[in-house]
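As structure tokens, one chain now follows by itself in the form predicted on its own.
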């Protein structure tokens, strides 16, 4: 079984223990051969992420979603032929960029004391609106540096694609805004490989 990790430009050295590289036209597919499917454990997912982060230190890459597998080398060679040029174009777009994640939380407001269903629903609606407003303010704040923006499924995090040299500027701008708005909790993590901007990278 082949476990896929990432696609990198051809010629990038793959030195992580246990990982191999398969050249596919203008790119190299980084993979691992294993006899068993990837474990669903948190430790296994974290180790997969650490390997991708280490690869990202060497240059642009397209991370593969954890658990992306192929039956064997024949299938790997086939997808390389089918996807190599498209992967190269995606890599060119991501060159020199990283992902920041802005965690956004509006301050909690105590729920109603009367316990009625109507009062609770109104309270929940106000909470959702506060959170959506906080996310929108965060989006406006980082937009000047963003090549791309994605609201993540939990609706409490923004993935922001930025140039590597702008990462500290974004972090500083968010910190200054957060200090002036104690009703919001804004935290920036990263820079990370562009996990949120590689849709369609996995072979179908």
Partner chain sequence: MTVERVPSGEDVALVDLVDRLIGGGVVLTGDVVLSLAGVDLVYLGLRLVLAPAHEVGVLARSRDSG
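Computed from a predicted structure; not experimentally measured. Numbering follows the first chain given and starts at 1.
FYI, the form predicted together with its partner chain isn't displayed, but the following is about it.
Although its partner chain is omitted here, in the predicted complex none of 16, 33 and 60 has a heavy atom within 4.5 Å of it. Taking the partner from elsewhere, residue 8 is found to have every heavy atom lying beyond 4.5 Å of its partner chain in the predicted complex. Residue 46 belongs to the set of residues with a heavy atom inside 4.5 Å of its partner chain in the predicted complex. The shortest heavy atom separation between residue 139 and its partner chain in the predicted complex exceeds 4.5 Å. Its partner chain in the predicted complex comes within 4.5 Å of no heavy atom belonging to residue 23. For the partner-free chain shown, 41, 42, 45, 46, 48, 49, 50, 52, 53, 62, 63, 64, 65, 66, 67, 68, 69, 70, 71 of 41 to 73 come within 4.5 angstroms of its partner chain in the predicted complex, judged by any non-hydrogen atom.
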